[in-house]
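Take a look at this one chain, the form predicted alone, written out in structure tokens.
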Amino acid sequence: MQAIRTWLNERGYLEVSTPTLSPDLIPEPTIQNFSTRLISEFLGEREFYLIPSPEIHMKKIIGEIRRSIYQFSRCFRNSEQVGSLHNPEFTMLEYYTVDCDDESSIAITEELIGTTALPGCPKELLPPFKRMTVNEACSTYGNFDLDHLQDIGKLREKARSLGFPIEDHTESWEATFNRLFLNLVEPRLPQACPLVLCDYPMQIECLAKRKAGTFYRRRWELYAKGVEIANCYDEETDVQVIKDYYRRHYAMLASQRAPLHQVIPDVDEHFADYFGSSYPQSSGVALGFDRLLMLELGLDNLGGVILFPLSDIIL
């Protein structure tokens, strides 16, 4: 952590510290959250949430000070596996670079990991990074070409031909894609060096800009030894796009026939107003620090780097 802090500080990043407890979150149907209640004699009661990422606060700071920032934060995600690669509470290193795009963030991350790696770090984690688009990976390792499967019907038909019994006609394009990617592609990704998978399908909605003239978004994920350790966006700044995203995804969460334990978070209706023409171009990277440390130490279980992992308590 100290080596990473020094590296970022020397390059002009400002370290910030934002709340772990928040009254609202970005609506993300793929993430389930932990909630708790504020109880006050004078203010009454209100639902609060443990953050899955510091993104919502860090973007507000960038809008105010217009400079590159970073932080190590404790993050929380519910309804996920508990085991070798997942702990409900984990440490995230998140850094946003102003006047930078997703392509530049690859070089920044490459230098960051290469410079601060622990002594004895396995060579499979060291630069240079290999790069592939998601579609190149799907074509190479999964035998399906996303350029020709933009229609949900064609994607389902291809999935069935590859041995996946897709019976639910309400299953989304993203859900069907994830079946194919997680079962056919991800296990076959090369592991001789870190791999950047870029240009994620536009149907996987997030606050990353669309890549002009394509079916893809300006987003990449970093894999090391087959483990996903980082996620990067060329950050969306269009106010209307962000408002539409919030409206659509909150409606999606509210309409889901979810189990009673699913948390539907409150959202800040004014979040989009932080953006617009005056908001700086920026690219953000969220890096799973525990996973990076685990791999640099040559381990295959987070229990070796997280003190008192939940798996020790409940498994």
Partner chain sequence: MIKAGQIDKGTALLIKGQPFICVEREFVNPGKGSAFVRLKLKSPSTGQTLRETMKTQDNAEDITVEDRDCQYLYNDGEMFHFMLTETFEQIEIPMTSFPDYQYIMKDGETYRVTFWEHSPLDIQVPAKVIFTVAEAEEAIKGDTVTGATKMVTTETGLTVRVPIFIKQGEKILVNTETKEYLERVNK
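If you're wondering where the values come from, they're calculated on a predicted model, not measured in any experiment. Numbering follows the first chain given and starts at 1.
Separately, the form predicted in complex with its partner chain exists; it is not shown, and the next lines address it.
Listed residues 199, 94, 186, 102 were compared with its partner chain in the predicted complex; 186 is the one with a heavy atom within 4.5 Å. A single residue from the set 107, 175, 193, 152 has any heavy atom within 4.5 angstroms of its partner chain in the predicted complex; that residue is 175. Taking the partner from elsewhere, residue 35 is found to have every heavy atom lying beyond 4.5 Å of its partner chain in the predicted complex. Using a 4.5 angstroms threshold between heavy atoms, residue 30 counts as touching its partner chain in the predicted complex. Although the partner is absent here, residue 161 sits far enough away that none of its heavy atoms falls within 4.5 Å of its partner chain in the predicted complex.
Residue 124 falls outside the set of residues with a heavy atom inside 4.5 Å of its partner chain in the predicted complex. Checking 131-139, 217-225, 152-160, 110-118 against its partner chain in the predicted complex, the stretch whose residues place heavy atoms within 4.5 Å of it is 217-225. Residues from 68-95 that approach its partner chain in the predicted complex with a non-hydrogen atom closer than or equal to 4.5 Å are 81, 85, 86, in the order they occur in the chain.
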